[in-house]
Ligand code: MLT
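One chain comes next, on its own, written out as structure tokens in the form predicted on its own.
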């Protein structure tokens, strides 16, 4: 298996992902929200790259059957039903609903990888489930972290390193690019206490300053959910649903 990791999607062309398998990670908080929403009964999550497109899609889905979710500068967008905190996506709120999700980085990364042959969504919450899924496929795959501007994003890179390490425990015949090798090293150094790593990361500090410290604790729960969210035909649904 060849495993390539990219610190950010911004340097990649959309068509780079064509015929490739891809994993997108935005552990604080978009991919954690997606996993939580689907685990709690959401029909699907529709990721969008712009606020304007979120509003356009929302107008085309029957009222009462959809929720607008997401954030701008960490805060819930005015007029949206829910923000970007996993705790908002309860069964009572999301069951049976189509969720149109717009976030600053995570949904943009998913949309960038939309031409992938197979695109799955990963967070700390479902690391084991994604690792097992990839091990069963035994095919090359790309990992895209959702950092902005091509800069290293600590929480997503370390999460990717943990995912790769789980795969290497069972599949020794893997070739890693430099990004994947570096992610494994960062996981060994900083991944022992995920909540602490979140708190000390740049984005974790911003979330704490804006009152979202509880989200760090929720998103740090390793393997809390047995879900494999798969992007297909414009939306994300649970595997085999």
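Numbering follows the first chain given and starts at 1. Just so it is clear, the model here is predicted, and its values are computed rather than measured.
Although it is not shown, the form predicted in complex with this ligand is what the next lines describe.
In the model of the complex, none of the heavy atoms of residue 116 sits within 4.5 Å of a heavy atom of this ligand. Although the partner is absent here, residue 142 is not a contact residue: none of its heavy atoms lies within 4.5 angstroms of this ligand in the model of the complex. Put simply, residue 34 is far from this ligand in the model of the complex: not one heavy atom of it is within 4.5 Å. Although the partner is absent here, residue 161 is not a contact residue: none of its heavy atoms lies within 4.5 angstroms of this ligand in the model of the complex. With this ligand left out of view, the stretch that reaches within 4.5 Å of it through heavy atoms in the model of the complex is, among 90-98, 116-124, 163-171, 71-79, 71-79.
Scanning 180, 48, 194, 207 against this ligand in the model of the complex with a 4.5 Å heavy atom cut-off leaves one residue, 207. For the stretch 8-27, the set of residues having any non-hydrogen atom within 4.5 angstroms of this ligand in the model of the complex comprises only 26.
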